[in-house]
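Just the one chain here, the form predicted alone, laid out as structure tokens.
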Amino acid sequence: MIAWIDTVSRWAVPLLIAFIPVYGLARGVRIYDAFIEGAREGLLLAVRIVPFMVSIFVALGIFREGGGMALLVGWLRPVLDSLGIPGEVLPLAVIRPLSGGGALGIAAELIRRWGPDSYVGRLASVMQGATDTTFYILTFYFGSVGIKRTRHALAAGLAADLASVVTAVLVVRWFFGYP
């Protein structure tokens, strides 16, 4: 049974990649022209969203390097301690909606420093997997189609991120028996 699943998983992507052009040819699609047009559109999309991405990364760098993150952790540490949440994971919770790469770096540092089996390490791992890069998603998808007013999407995304952080804390405590 396991060998069959392994074989299917090994061949699924190559077969799908081969199927798409064959299907296009059967339908009379000019495959190379369609590919070039898609690549052109992708490049134009990338050029349109670069200013939005640069602004997010610059703001994030200023916030971290300017001491804003350390100040925020210091202010919220008493509240976090009373809730049983280590202040060390707050930078991850704050950075994750902004930057997946930045959050991954913070999570890796937390795991290296505290260990993968520690409360901080496990919480960082679950938070990394449970939350999303809200600002990146909004910038990419709304910026790619020219939407300037995001209305309630930002609030909904940040509310989902907050719910994910709270749920990560509860799940790690419940599964691993932390107080």
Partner chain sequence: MIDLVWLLLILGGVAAAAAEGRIAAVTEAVMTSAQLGVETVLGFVGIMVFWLGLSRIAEEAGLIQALARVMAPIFRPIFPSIPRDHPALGAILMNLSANMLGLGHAATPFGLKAMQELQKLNDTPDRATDAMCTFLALNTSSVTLIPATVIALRASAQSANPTEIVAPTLVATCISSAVALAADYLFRRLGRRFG
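Positions refer to the first chain, counted from 1. Only the largest set of C-alpha atoms that superpose within 1.5 Å between the two forms is called the rigid core. All figures in this text were calculated on a predicted structure; none of them were measured in a lab.
Same protein, other form: the form predicted in complex with the partner chain, not shown, and the subject of what follows.
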| item | value |
| --- | --- |
| Residue contact check: residue 71 to the partner chain in the model of the complex, 4.5 Å heavy atom | yes |
| Partner proximity in the model of the complex: residue 93 to the partner chain, non-hydrogen atom cutoff 4.5 Å | no |
| Residue contact check: residue 98 to the partner chain in the model of the complex, 4.5 Å heavy atom | yes |
| is_contact(residue 104, the partner chain) in the model of the complex, heavy atom dist at most 4.5 Å | yes |
| In the model of the complex: members of 55 to 72 within 4.5 Å of the partner chain, any heavy atom | 55, 56, 57, 58, 59, 60, 61, 62, 63, 65, 66, 67, 68, 71 |
| Core-superposed C-alpha of residue 113 shifting 2 Å or more between this form and the one not shown | no |
| Exceeds or equals 2 Å, Cα of residue 49 between this form and the one not shown, core fit | yes |
| CA of residue 141, rigid core aligned, shift of 2 Å or more between this form and the one not shown | no |
| Distance direction in the model of the complex for the C-alpha atoms of residue 114 and residue 68, relative to the displayed form (3 angstroms or more) | closer |
| Relative Cα spacing, residue 91 and residue 59, in the model of the complex - shift of 3 Å or more | closer |
